[in-house]
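Only one chain is included here, represented as structure tokens and corresponding to the form predicted alone.
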């Protein structure tokens, strides 16, 4: 990755930096944000990480996660911190709408902006834009950014652990969205001291009992299969959320179980949230779920993994999704 000389000069001198990522932050959002923080602090920058909303509990043990500011909880502190910043770094999102009220507050603040992201169609909202939709993750791009800065020696275990977290989560443990460089990056991080087993343990082996019971409920009672469209669906209602005391992050990854079915090409997870119905779509092969989300459900993301929302009821949203399947039947039945 080629870094402009002007940006290198800026980052080689201490700045007051805010790092921001999207609502409902996942492993890539959290990993890239904390990796960038730990990297920049080695140059003496004053750095705060801010998210619009809370993140899943399993990531709380990551280095630096305990003092992340959350707009929904620390609104006034976030405002106070942001007004003192002169450099803003946007990671793993490319539209201010993805950070909600935090984005509204950001619009008129002075300061330079850097965007590093791998989603399609970025808005021109930064002075420096590093957008590569073909990249596996934003963590991959943060690694390449650090190397591009000539700072490979600053990839210490704290930075590396955070980057490795994003690589693992956004590739589904290296099962999709991979490229040869991803494996070279992973190997390099392990050689630099990252405990890859510990990272995987943090992500996948820290579930609560209720998470397994929820998964069992989803597979037994909320699973629908449409073999004529090679599609599978899991849905959850508000009553389900109350019964299993589902908190943010508890349902993360459930949609991926549907893709383990041999003939399924499209997997959907549709569930009630307090004000909207959310959809998570996953696909195999060339089926573009980003197009489905963008065209029909106010969403977007990646070709094989996208999200969206609906203001209709849960029942109406599920029916709308089912009614779309015949439109994509030819693509769904392709080998």
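The structure displayed is predicted, hence computed values, not measured ones. Residue numbers count along the first chain shown, from 1.
Heads up, the form predicted in complex with a small molecule isn't pictured, but that's what we're talking about next.
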item: Partner-contacting position among 45, 48, 302, 38 - heavy atom within 4.5 Å of the small molecule in the model of the complex; value: 302
item: Answer option from 64, 52, 307, 56, heavy atom within 4.5 Å of the small molecule in the model of the complex; value: 307
item: Partner contact for residue 283 in the model of the complex: the small molecule, 4.5 angstroms, heavy atom; value: no
item: Interface membership of residue 95, the small molecule in the model of the complex, 4.5 Å heavy atom rule; value: yes
item: Proximity of residue 119 to the small molecule in the model of the complex, heavy atoms at 4.5 Å; value: yes
item: Contact of residue 252 with the small molecule in the model of the complex (heavy atom, 4.5 Å); value: yes
